[in-house]
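Starting off, we have a lone chain in the form predicted alone, written out as structure tokens.
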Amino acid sequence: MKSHTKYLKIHTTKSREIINITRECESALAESGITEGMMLVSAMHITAAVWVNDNEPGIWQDAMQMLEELAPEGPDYRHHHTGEDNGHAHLKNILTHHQVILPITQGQFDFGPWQTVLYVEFDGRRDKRLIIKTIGD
């Protein structure tokens, strides 16, 4: 068994943003030389998420709207008493998680027909990092 690690730097231009990172994950898979195994894709920030979902902006907007209703920006979250103002982003991360595991079969992701890998930012406009860890044979 072998492993391969790649770090991906993303600079978001909006406070909330969804970026398709499937190609970057495919590139990391090719670099790894692994044909059977798994890839962990993890946001290294607690105000971001990684999703596997449809590459379709309508569902992205629906998901972001749902998350805004569940954890709206603005209320006086206890976290704000520390001097921060991004309590909503931390809660959105808890609701959606910060990582996914992708199955690898015969050197490719074993996805359903519409699945893509998405980086989801809830508190952006700055540099963020992801770790892409591939393990297998």
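Numbering starts at 1 and follows the sequence shown. Since we're looking at a predicted model, the values are computed, not measured.
There is another form of the same protein, the form predicted in complex with another copy of the chain; it is not shown, and what comes next is about it.
Of the heavy atoms in Asp62, some are within 4.5 Å of another copy of the chain in the model of the complex. Using a 4.5 Å cutoff between non-hydrogen atoms, Ile135 counts as a contact of another copy of the chain in the model of the complex. Contact annotation: Ala30 falls outside 4.5 Å of another copy of the chain in the model of the complex, judged by heavy atom distances.
Using a 4.5 Å cutoff between non-hydrogen atoms, Glu36 counts as a contact of another copy of the chain in the model of the complex.
When contacts are defined as a non-hydrogen atom within 4.5 Å, all of Leu40, Met66 and Asp110 contact another copy of the chain in the model of the complex. Shown here without another copy of the chain, the chain has Met1, Ser3, Thr5, Tyr7 in 1 to 22 lying with a heavy atom within 4.5 Å of that partner in the model of the complex.
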